[in-house]
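Laid out below as structure tokens are two forms of one and the same protein chain, each shown alone and named structure 1 and structure 2.
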Structure 1
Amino acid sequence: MMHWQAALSGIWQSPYLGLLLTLMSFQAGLVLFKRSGSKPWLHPVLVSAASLCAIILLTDLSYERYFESANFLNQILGPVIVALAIPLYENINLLKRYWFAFVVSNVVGGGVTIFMAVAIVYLGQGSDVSVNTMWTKSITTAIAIDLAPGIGGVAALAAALVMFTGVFGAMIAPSLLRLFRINHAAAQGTALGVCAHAVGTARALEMGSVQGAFAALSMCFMALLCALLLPFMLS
């Protein structure tokens, strides 16, 4: 018994505790997701995030220590994003064929979803900070947290909005695509990339290479477009 207690204590004090907890919680979420028949409310990202929050709130593990011990995952985000070029390369001919529809759908779809979200917060008498932060909801996290303070928002709130948007979008996207009979792979990927950015792109890659390619490109396109336009629009 003493050996098990010593082993558990050693793991809890490990400088890689956050990395271990993140991988274990995501793997548990993945198992639950598959065994449930891909129920949207058991999406691996949602399960992992909820379980990690519970651990931090219910134990003496601080967020600062968790983040520091899981920093390796944060460092490899760059190479992982670069790896999205693989499905883009594999589907370059389709991207060339649908380039005009792709640009129009990103500009119109992205514009509508952002303006609707901002309008809801504004009409709900949200603060100026909340309204300004909401403009970043359809940008991937890395850009949103840098852009938000420059347009009068809050980086932490922007990160939360982006994460919520991505997870919620990935959860309901399959049902909405079936409901509206959107069966075209390029359209499915574009919708996920525009509305649910990084998490949506991960979901699109599960659906297929074409969906993943268009989702990845949409995510990058929206991030670039918003990063260039929002500072001028809100200045």
Structure 2
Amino acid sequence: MMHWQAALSGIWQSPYLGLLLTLMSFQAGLVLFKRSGSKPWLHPVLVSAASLCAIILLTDLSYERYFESANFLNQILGPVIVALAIPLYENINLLKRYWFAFVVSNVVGGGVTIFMAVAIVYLGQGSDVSVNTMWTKSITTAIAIDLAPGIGGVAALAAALVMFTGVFGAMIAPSLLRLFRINHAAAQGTALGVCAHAVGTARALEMGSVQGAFAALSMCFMALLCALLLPFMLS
């Protein structure tokens, strides 16, 4: 006598289910991403999160039960963000010649995109939560998630916003840069890093190593700047 039903529901109720589903969907997303030739809109996070959302909406697996099971991954995020200091340190000597132009374009360019985005949602009568979350749009996802609740926003919405700018930014940046005749490698990388974070940095690396390094630098710089200033400005 075998207990198929009990055994199967044991798997479905297992505290490891969420972890397994996350790892599997992410791995599938990675394969899909590589097969597609790194199309930004097939970013593994997007594919993985979308399929997990679908599973949660369509089955009786609740987000709470899912998150409890996948929380292990979420908890590692803190120390891994700390590790971002290493690529920042490794690329810092690139700034010796360019630091003034770099800081100005990050602060002014980044500031303009952030204020513009916040202002549009505010004037468009978006809810307070949405307006608050918009402030995180130029911070790399991991840090945006950490920061959003402290400034009256929602972590998951921050993740969605940042993914959107990242993916969309990486898609339109090359044509925009061509249109405005921005051909300096460091300038191209900086534009991608400020506006499109990690997805933009991946795209910048395809354009060249200088672009990639400057994109990574501005991603870290913007994240640090926003994470250090925004909580004081907004709370």
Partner chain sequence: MLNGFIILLIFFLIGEFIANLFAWPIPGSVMGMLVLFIFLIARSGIPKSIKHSSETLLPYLPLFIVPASVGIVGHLYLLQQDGLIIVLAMIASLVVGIPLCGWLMQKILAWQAK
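Keep in mind it's a predicted model, so treat the numbers as computed, not measured. Just so we're on the same page, rigid core means the largest C-alpha set that superposes within 1.5 Å between forms. Along the sequence of structure 1, residues get numbers from 1 upward.
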- Item | Of structures 1 and 2, the form predicted on its own | 1
- Does residue 41 move its CA by 2 angstroms or more between the two structures when the core is aligned? yes
- Message: With a threshold of 2 Å on the C-alpha, tell me if residue 220 counts as moved between the two structures once the core is superposed.
- Response: no
- Message: Quick check on residue 29: with the core superposed, does its CA move 2 angstroms or more between the two structures?
- Response: yes
- Message: After superposing on the rigid core, how much does the Cα of residue 57 shift between the two structures, in Å?
- Response: 7.5
